[in-house]
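One chain comes next, on its own, written as structure tokens: the form predicted on its own.
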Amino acid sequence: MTDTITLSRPVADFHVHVRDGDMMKLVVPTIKSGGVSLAYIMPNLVPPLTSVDDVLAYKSRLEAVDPTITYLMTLYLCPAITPQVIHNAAKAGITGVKCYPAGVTTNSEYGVASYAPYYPTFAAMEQEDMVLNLHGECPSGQHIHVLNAEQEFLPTLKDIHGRFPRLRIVLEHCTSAAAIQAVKDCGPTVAATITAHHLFLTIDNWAGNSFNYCKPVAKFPTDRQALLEAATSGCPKFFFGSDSAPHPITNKEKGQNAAAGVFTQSHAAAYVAEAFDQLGKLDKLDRFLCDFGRQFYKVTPAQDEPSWTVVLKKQQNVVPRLLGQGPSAVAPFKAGETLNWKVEIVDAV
């Protein structure tokens, strides 16, 4: 029985929220403690990151908190992101552009209502080999609700892929069997991230429990099974993106108006190891956490040279009830519960 796993290299997390200001200072140190050395940073700050200078300034603030992490940066898709901005961003080393449908999740009010106006931007991204990250949901309306919003978005994914076949696209945080199949149906330039929390949750876990509420919401047991099968399949189209989303505990306790987001950063690799172990698929863990995402994003050794090793040990690991103190404290996923795996960071001598 495997009780110690040394990863080939630290985890690459291709969907990370760390906010800004005091929340950033609280959360960024947990990136490494979760086993992650490379973090793909989301741009939905307040206000969102819509210029190259804003993104680079934010990266500098992150590096001031922990300079040992590799931060890959993104722009927030909005009318300000013109083809010229894309060309400038590529020169500056910005990796991708995040597309939020307007109003679907946290800080998405500046997002996209129609995709056609952005075709020139997508063409420039294709030319520069930048990545388009899609929050794959349609806004709720007469026939659309949280349980079918992802499925209703999938024709949009396929349409963009058909128009721009060389554009690398990531369908973020898949939650449904339909999304998994759609990614499989697309060509090799389309991939998907799968979170840690969606490997555990179904609708019953968040209905009435705001701490498990996120967007897109967890769905049915058959959908969770499809996510587990994709994550442990060894298919390079599916890799880790935690979508770890810290919110002050006061914003998670608001009942009907609770903030959408689950915080997993501090125990990222341990959560995933737990899920893989339950299926007897620990042999698939390393490539899902460490390899497939780096390959799709074309991360070079020069960009990503972690100075430590991640060892996962099978031992009891109690998740703290809170990170931080007071009303701004953050509740981790499975707070107070005991995991069977623990991350150990071994620094280079």
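Numbers for residues come from their place in the sequence shown, where the first is 1. If you're wondering where the values come from, they're calculated on a predicted model, not measured in any experiment.
There is also a form predicted together with another copy of the chain; it is not shown, and the following applies to it.
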Partner contact for K91 in the model of the complex: another copy of the chain, 4.5 angstroms, heavy atom: no
Any non-hydrogen atom of R287 within 4.5 angstroms of another copy of the chain in the model of the complex: no
Heavy atom of N209 within 4.5 Å of another copy of the chain in the model of the complex: yes
Another copy of the chain contact at A80 in the model of the complex, heavy atom, 4.5 Å: no
In the model of the complex, the one of A258, A102, A123, L279 near another copy of the chain [non-hydrogen atom within 4.5 angstroms]: A258
Another copy of the chain: the contacting residue among K184, R163, H145, H87 in the model of the complex [heavy atom, 4.5 Å]: H145
Per-stretch contact check against another copy of the chain in the model of the complex, the hit in 210 to 218, 191 to 199, 155 to 163, 70 to 78 (non-hydrogen atom, 4.5 angstroms): 210 to 218
Stretch 163 to 201 - residues with a heavy atom within 4.5 Å of another copy of the chain in the model of the complex: none
